[in-house]
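Two forms of a single protein chain come next, each set out by itself as structure tokens; they are called structure 1 and structure 2.
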Structure 1
Amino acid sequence: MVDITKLRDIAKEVISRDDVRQVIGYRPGTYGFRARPAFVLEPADADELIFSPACINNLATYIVIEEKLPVPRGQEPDSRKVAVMVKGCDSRAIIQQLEEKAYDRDHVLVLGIPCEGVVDMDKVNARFPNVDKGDIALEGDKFVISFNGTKEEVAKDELLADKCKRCRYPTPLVSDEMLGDEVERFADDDFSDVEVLEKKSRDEKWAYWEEKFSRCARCYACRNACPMCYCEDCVLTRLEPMWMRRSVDISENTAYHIARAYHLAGRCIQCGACEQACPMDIPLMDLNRKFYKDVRELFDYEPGTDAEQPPLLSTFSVDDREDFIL
């Protein structure tokens, strides 16, 4: 894992630079085992930074949702860099954002964190319910869970997030400074979970998604947590013209989730932030991974892996397959 002393020292050096205005990292949460985003504005703030298996947030989200406030007359906008700590999957979001020209490369300073896997917080809370304050560390093939003056060891596979079990990019694909040693890929992604759903009949698929989408409260946590949902004006919540109603019913919920999945086709980088944020336990990655699998098979394209390639839906090739077009 990452050397916390090194992480904090580098953060202090970075925030002390004249061309950097903030460092985005992680700090201990206020409840349970969670970590939370930290925004370091002064060197002293870096003493709170951590990195552990509880650091599940994709911090690349904060680069594109930063509010652009009006600049007073006679002043120039703050053009200094934003430094951000990213795991392997998070780094793919930065690459995809760069592909889409969301910002210039010199706008961001990337601090890469090779990741050996993060926990699924739902699994942790189910195993250790009602813990006011605790810590999670990874030692070899076990998570060490500390709370109330006790320590318990749990096999890594039991609490590991599903996305980590198929991760092929645990080491960041883009970085200005690496904060740890390279981590080998965990496994190849065979999309066996997607194939289970693909084999269902049409009626079975509808019954599956009808039950899932009927839970949706339209809180938009999935959209807000997603590093690729950064449109300033989201068509899915536009009031004039209104493309879909705010009603929480199966029809409107289905329209919302399918439209959002199509918007992420060729853009989703498999970080799972949407599913982590969902308070209704909707398996959103089932839908996103189906699109991801199709894009890879149809166009030999994998988002978030090459900042030099154009976004999938902004170009075409004369060699693209056409047999699937009606």
Structure 2
Amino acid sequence: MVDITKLRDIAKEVISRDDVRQVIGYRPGTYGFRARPAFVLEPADADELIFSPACINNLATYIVIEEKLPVPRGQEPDSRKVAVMVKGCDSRAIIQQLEEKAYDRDHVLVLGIPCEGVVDMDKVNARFPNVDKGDIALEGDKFVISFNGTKEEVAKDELLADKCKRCRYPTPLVSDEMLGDEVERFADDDFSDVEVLEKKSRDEKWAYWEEKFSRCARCYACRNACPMCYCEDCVLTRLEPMWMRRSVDISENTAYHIARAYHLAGRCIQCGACEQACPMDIPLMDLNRKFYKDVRELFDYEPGTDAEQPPLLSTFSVDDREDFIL
């Protein structure tokens, strides 16, 4: 459990430091059960901060998407640290970003939040539709949902986000300050979800994906929400060379999804931000998880767990599998 008072105190202390520019955390959302990102620029802002199972966003994305606007001549860019609150899964994004040299370790001040799981907002909304204002808390193995003066308890399993159901790293793997006590691993990943899809016949697979891919609006939200997608100029929307056309049809959409997923192979840290962002409910994690599984099984590699390990596809082992090669 994270002590909110402590969390705010630490945030206040941190933002008061000279070398810290902002603290990124969570604050209550504007409707329903939501929470949203908070940007603390001065100590008073910290009073809004919260942490609850509604804090689903991966704040590590903000470290890398900030625009680097031209610095006026004679001035130096603001090099103060960004402090960011991360759950276990989110912390892996930081590790992976460090592995990819997105920034130096001392650019960030990591505030670790040992996490017992967050909700799947879709499941919450399906269960409690059209609630304009409500709260979610985790108590033991139950989520306590309160709204309009009522309180309901739901078994944790029923509303828990899928990614949390297989979370092996609930306690952040990197942090400068830990905002709570270590949480013991409460789940493991057996990839049974991927296996279900793998077992489908060729035609079933394509039928499954055709439905999803053709629905994709190509809004690129999945890419933008991803903490690992921060290229200045993404090749998937580049005009020269044009890897795929911007036009929306099953062909270009499929190409987009193959390419996006491949670009995350060995890099995706399974935070689920892409899927959460997708307005068309495309099961992006099903794609990411196939690579994740193969990468682990074939190359014994787990992205976002060790900032020192070399990038997966920039290394090889002479013993890599090759039974498929003619």
Partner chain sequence: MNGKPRIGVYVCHCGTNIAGTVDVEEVVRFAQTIPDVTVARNYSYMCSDPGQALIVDDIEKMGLNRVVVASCSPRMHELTFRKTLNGAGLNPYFLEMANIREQCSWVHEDSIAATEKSKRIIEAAVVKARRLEALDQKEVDVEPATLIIGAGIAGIQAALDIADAGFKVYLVEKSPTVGGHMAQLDKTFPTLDCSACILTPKMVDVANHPNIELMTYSKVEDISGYVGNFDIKVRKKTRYVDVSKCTGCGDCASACRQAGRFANEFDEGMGMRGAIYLPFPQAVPAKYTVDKESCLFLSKGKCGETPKCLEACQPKAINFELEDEIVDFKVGTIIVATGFDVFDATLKPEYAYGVYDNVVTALEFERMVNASGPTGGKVVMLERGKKKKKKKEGEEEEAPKVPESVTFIQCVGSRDKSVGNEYCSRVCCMYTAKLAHLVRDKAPDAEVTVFYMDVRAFGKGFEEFYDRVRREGVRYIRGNPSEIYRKNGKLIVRAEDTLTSTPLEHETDMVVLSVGLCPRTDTRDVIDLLKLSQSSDLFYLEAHPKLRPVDTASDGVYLAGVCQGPKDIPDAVAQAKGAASAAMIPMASGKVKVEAQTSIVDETTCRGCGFCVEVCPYTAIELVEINRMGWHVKAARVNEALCKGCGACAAACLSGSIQQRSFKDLQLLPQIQALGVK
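FYI, numbering is relative to structure 1, first residue = 1. What we label the rigid core is the largest C-alpha set whose atoms superpose within 1.5 Å from one form to the other. Bear in mind that the values here come from a model prediction, so they are computed numbers and not experimental data.
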Quiz prompt | Displayed copy of the chain that is the form predicted alone | solution = 1
Quiz item: C-alpha of Pro241: shift of 2 angstroms or more between structure 1 and structure 2, rigid core aligned?
Solution: yes
Quiz item: Can you give the C-alpha shift of Asp319 between structure 1 and structure 2 in Å, rounded to one decimal, after superposing the rigid core?
Solution: 3.6
